[in-house]
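Starting off, we have a lone chain in the form predicted on its own, written out as structure tokens.
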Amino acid sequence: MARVAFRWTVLTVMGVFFLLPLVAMVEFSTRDPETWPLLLNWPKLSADYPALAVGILASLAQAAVTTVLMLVLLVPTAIWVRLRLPKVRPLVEFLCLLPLTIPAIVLVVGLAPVYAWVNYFVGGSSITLVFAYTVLVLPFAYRAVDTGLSAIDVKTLAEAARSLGSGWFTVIVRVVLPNIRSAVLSAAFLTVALVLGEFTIASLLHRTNLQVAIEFLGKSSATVSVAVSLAALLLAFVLLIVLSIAGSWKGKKS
């Protein structure tokens, strides 16, 4: 009984700790009745707050491109290392987890000279942040994909497909990927959540994204700034629900 009471006490305290700021954000952002309808009116939002509209579009583009780039680079590499280079796996894992140990401010110091050349050859578009974000999401995406690969017998599946005449591309795309779909979705969700919430690198490299736009907007219109922040949190929550439903649907289908 004491253990159950302690468990519910901890859950209640943690629930209040996480929900109270959200309730405060809802209360503050609804003081002006025109705030939330404004967020649903894209033409008016773009006209009244052009910097915010640019930041939203930039973050959505960054999230989409970073997710695709991360999956294209990481998933085939993780599968290939599992199948053909198992001795190299500790080194690959170390390299993928390394950005997690380096603070974002230190990463910016290292990335600044690189982005000076990126600006020179490509330009200062905010979409160029996808290269930095791909490195930033590697620790989270790698653990998700690696966990999915650990849950199945990749070598047996690959050998069976190869014995039936399948090429390596077919093995990866049509045999292994369907079995780690939940892990790939998890990696994609983590990537989107991180990109939508990233501020330090974009700010210090003088690029525009959602969080930078919210920070500037907070100086002129705090109500809209809080409302947009809350909407971004709700979007991440919806993505998590979609991921859970997709994982459950896969389990029922299999």
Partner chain sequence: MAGRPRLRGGALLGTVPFFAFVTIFLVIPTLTVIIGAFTGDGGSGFTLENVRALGDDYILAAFGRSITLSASSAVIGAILGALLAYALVTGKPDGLLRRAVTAAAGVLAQFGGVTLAFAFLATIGLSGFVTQWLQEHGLDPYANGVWLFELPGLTLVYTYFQIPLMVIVFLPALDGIRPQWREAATSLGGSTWHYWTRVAGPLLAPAFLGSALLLFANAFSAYATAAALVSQGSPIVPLQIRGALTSEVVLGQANLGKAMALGMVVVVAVVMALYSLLQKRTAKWLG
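Only a predicted model underlies this, so the values are computations on that prediction, with no experimental measurement involved. Numbering follows the first chain given and starts at 1.
We do not show the form predicted in complex with the partner chain, though everything after this point is about it.
Contact with the partner chain in the model of the complex, defined as a heavy atom within 4.5 Å, holds for exactly one of 51, 45, 204, 64, namely 204. Contact with the partner chain in the model of the complex holds for none of 40, 145 and 183, as no heavy atom of theirs lies within 4.5 Å. Though the partner is left out of this view, residue 36 does not reach within 4.5 Å of the partner chain in the model of the complex, counting heavy atoms only. Under a 4.5 angstroms non-hydrogen atom cutoff, the partner chain in the model of the complex has residue 215 among its neighbouring residues. Of the heavy atoms in residue 126, none are within 4.5 Å of the partner chain in the model of the complex. The partner chain in the model of the complex comes within 4.5 Å of a heavy atom belonging to residue 225. Within 4.5 angstroms of the partner chain in the model of the complex, the stretch 25 to 43 places a non-hydrogen atom from each of 25, 27, 28, 31, taken in sequence order.
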